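What follows is a single chain, given as structure tokens, in the form predicted alone.
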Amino acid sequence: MSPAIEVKDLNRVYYSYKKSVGLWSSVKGLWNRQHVEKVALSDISLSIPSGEVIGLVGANGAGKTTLIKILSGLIAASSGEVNVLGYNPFHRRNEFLRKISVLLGQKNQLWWDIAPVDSYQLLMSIYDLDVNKSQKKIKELADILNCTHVLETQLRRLSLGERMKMELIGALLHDPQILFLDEPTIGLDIVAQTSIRNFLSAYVKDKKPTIILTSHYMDDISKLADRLLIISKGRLFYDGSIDKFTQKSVQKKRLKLIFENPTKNAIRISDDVLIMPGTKNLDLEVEPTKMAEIITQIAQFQSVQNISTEEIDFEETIREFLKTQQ
């Protein structure tokens, strides 16, 4: 069986020109431009089977969104071979576009000034979908995402989490074989993030689409992805299982404590942790296995009013992992 996505020696270079400040510099630039070359992707080769969920991660500017745009046909590759479901994506044939869907977390695909239900009517016409089946599907997806009550509200009046749920329903309306999700939970609160993760997890088990997912949240990747790709400076640096990556990387969480009163004296908890006098709020990066020990030690010296933990930015985890591989 042919892979859903196959890429060989893919390169993408952006060209721009550099000029100094001022009108005269702009005029001179018409005859004497200094061109700047930015390599976004370099020698990327990969094969993705049908039904596999890929977690695509990397620091800002690493090339994740560029790769998704090339695979979905939004931009062309500078060189190399790209095959998605047997098509060259950039040709944008109708048969190909009916089989994919792209959800960019920072861009809207639905219309801003009308209600989602009206946008869905337009999508039904664009994809030539059966109206009754589509309306039934919208209701089912909205029920699962707990957002039925906002289907008839203008998109611009919705919260970010509600908008992302509406966008997700629109992206799935035509049952795409391949789903490109670029930061689908970015900026959402923990409740909205969890709701969308749980929905996507159930959707993957039921429909088994091929998905490429980018995210800054490790929970998105670990809950949904079968395989992890790490891009660094335009190059594919890691291609393997999440478990293997987790074993190689040092996983940490952020521990936040609020003391009942500011500390009177310096408190040495470990070689890495020194609490300075006058500390009221403490913010630490701690390995999960040492979390309980650190909290217990701190509580011996200082009364704690509030404790919370949160995941460290996945970009930091990636940077630390890359350092260990150099």
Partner chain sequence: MKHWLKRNLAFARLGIQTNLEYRFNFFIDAIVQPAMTAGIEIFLWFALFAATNTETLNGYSKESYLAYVIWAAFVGRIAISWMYEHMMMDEIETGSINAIILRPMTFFEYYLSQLLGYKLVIFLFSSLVPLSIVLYFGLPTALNRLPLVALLIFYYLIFIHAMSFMTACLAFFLNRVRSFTLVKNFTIYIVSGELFPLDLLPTFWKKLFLNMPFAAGVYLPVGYLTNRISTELFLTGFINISIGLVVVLFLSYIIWRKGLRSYSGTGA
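On a predicted model such as this, the values are computed, not experimentally measured, just so you know. Positions refer to the first chain, counted from 1.
Another form exists, predicted together with its partner chain; not displayed. Remarks below refer to it.
Engineer: Though only this chain appears here, would residue 132 touch its partner chain in the model of the complex if you measure heavy atom gaps against 4.5 Å?
Structural biologist: Heavy-atom contact with its partner chain at 4.5 Å: absent for residue 132.
Engineer: Can you check whether residue 193 is within 4.5 Å of its partner chain in the model of the complex, heavy atom basis?
Structural biologist: No, residue 193 stays farther than 4.5 Å from its partner chain in the model of the complex.
Engineer: Going by a heavy atom distance of 4.5 Å, is residue 239 a contact of its partner chain in the model of the complex?
Structural biologist: No.
Engineer: Under a 4.5 Å heavy atom criterion, is residue 162 part of the interface with its partner chain in the model of the complex?
Structural biologist: Heavy-atom contact with its partner chain at 4.5 Å: absent for residue 162.
Engineer: Which residue, 118, 226, 81, 189, is the contact with its partner chain in the model of the complex, using a 4.5 Å heavy atom cutoff?
Structural biologist: None of the others qualify; the residue that does is 118.
Engineer: Sort through 205, 136, 244, 156 and report the residue having a heavy atom within 4.5 Å of its partner chain in the model of the complex.
Structural biologist: It is 156.
Engineer: From the candidate stretches 231-239, 109-117, 142-150, 215-223, select the single one in contact with its partner chain in the model of the complex, where contact means a heavy atom within 4.5 Å.
Structural biologist: That would be stretch 109-117.
Engineer: Taking heavy atoms and a 4.5 Å limit, what residues of 84-100 are near its partner chain in the model of the complex?
Structural biologist: Contacting residues: 90, 92, 94, 97, 98.
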